[in-house]
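Quick setup: one chain, the form predicted alone, written in structure tokens, and binding and motion questions come after.
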Amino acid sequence: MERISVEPRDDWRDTAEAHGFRFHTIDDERYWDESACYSFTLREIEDDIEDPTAEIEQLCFEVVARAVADDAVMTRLGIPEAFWDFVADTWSQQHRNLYGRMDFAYDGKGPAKLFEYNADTPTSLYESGVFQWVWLEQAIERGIIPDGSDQFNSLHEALTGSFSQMGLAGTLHVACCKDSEEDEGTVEYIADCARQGGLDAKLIYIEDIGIDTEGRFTDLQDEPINDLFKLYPWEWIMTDEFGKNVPNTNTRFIEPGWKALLSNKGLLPLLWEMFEGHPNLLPAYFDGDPAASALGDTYVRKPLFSREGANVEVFENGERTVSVEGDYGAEGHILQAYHPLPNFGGNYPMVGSWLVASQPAGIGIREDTSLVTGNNARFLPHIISE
């Protein structure tokens, strides 16, 4: 694994706009960054990232099977009791999942280590699946990167193919919150994939979803919402006004309810408890667990439902050396072994390994100048060099 400086395309902004990638720059700060790329060998991709991703996904299924049968585990994961049966039913009825992204620390010198699993509403999907592939093709054509360079990236084909296999009929409603250009761009891409997969897809904002006298979710034309893709976290749904109706509605959700068990940091101590010593897992414990003393006085403290690094704290030798502001933490915390991201000249890359229908399908790299990958992280493309 190497970080390689490359020449940005002169027209990359125009190209991004032409492809509908409107959030390439956020708050006047560059989000898409092609001044460098990360280069991997095929062995690194296949053995160190792809295979562990597939294996950990199977371990996650064992966690779900345990959780839905154990109220104590549901409680530890912060799932409200009113949703226990709903979550368990989506698992027993085999509601299909579409995607997820496992975030790994990896430097090419040792096993990739799982930091967390963004199993419910992972962003950076479009830039991973489409725009970095556009960059690859154009960078080869223009001699920016070596001829014959490849990429671990079958995301688009996997997404469109999966929609045709999910057993959906009629209209798929695709929703996000208002006033987020990044979220809107992502759901527009999801809708396009659904259409390419043979479905009718209709965009709607979460705030515009209604409910009729029969308890069915409806759109602005009062049409029932039978299938809903939501870029809206389950932990929000389970605590807000909208979510009160979810357990009693017939709407099928993508991602399904059982993904709530995997999309919080409580997954990490459960994985360690069940598969202690796995080479791709870091020791992790629920805050307050006496066993957490095994971590010593150097560790990372994370809220169960943190996003984009919010409220993450790093302790080294008993001293808090990193603390990220945010609104999370009331739901509880976990402690995870300290395993810093690799440092490439002051840049810290996080490898996001994508799954589609639980099969590895590509990677995307977000890079920050901080050890905690936050909201200001940049997205960099990657290549396979052999």
Partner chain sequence: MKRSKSVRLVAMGTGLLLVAACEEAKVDTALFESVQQCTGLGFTAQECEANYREAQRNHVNVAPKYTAKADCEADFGSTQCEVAPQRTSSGGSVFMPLMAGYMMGSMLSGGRRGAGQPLYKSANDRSTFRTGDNKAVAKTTGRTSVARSATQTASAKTRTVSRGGFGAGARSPMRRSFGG
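Predicted, not measured: the structure shown is a model, and the values here were computed from it. Numbering follows the first chain given and starts at 1.
A second form of this protein, the form predicted in complex with its partner chain, is not displayed here; the remarks below concern that form.
Peer 1: Heavy atoms within 4.5 Å of its partner chain in the predicted bound form: which of the stretches 85-93, 275-283, 194-202, 71-79 has them?
Peer 2: Result of the contact check: 194-202.
Peer 1: Does residue 208 make contact with its partner chain in the predicted bound form, using a 4.5 Å heavy atom cut-off?
Peer 2: Residue 208: yes, in contact with its partner chain in the predicted bound form.
Peer 1: At the 4.5 Å heavy atom threshold, is residue 268 in contact with its partner chain in the predicted bound form?
Peer 2: No - in the predicted bound form, heavy atoms of residue 268 and its partner chain never come within 4.5 Å of each other.
Peer 1: Please run the contact check for residue 164 against its partner chain in the predicted bound form: heavy atoms, 4.5 angstroms, yes or no?
Peer 2: No.
Peer 1: Does residue 38 reach its partner chain in the predicted bound form, with heavy atoms at most 4.5 Å apart?
Peer 2: Judged by the heavy-atom cut-off of 4.5 Å, residue 38 is well away from its partner chain in the predicted bound form.
Peer 1: Using a 4.5 Å heavy atom cut-off, which residue among 330, 322, 54, 26 comes into contact with its partner chain in the predicted bound form?
Peer 2: The option sitting close enough to the partner is 26.
Peer 1: With its partner chain left out of view, choose which of 107, 313, 188, 227 has a non-hydrogen atom within 4.5 angstroms of it in the predicted bound form.
Peer 2: Looking at the other structure, the residue within range turns out to be 188.
Peer 1: With the partner left out here, which residues of 209-234 have a non-hydrogen atom within 4.5 Å of its partner chain in the predicted bound form?
Peer 2: If the 4.5 Å heavy-atom criterion is applied to its partner chain in the predicted bound form, 209-234 yields 209, 210, 211, 212, 213, 216, 217, 218, 219, 220, 221, 222, 223, 224, 232, 233.
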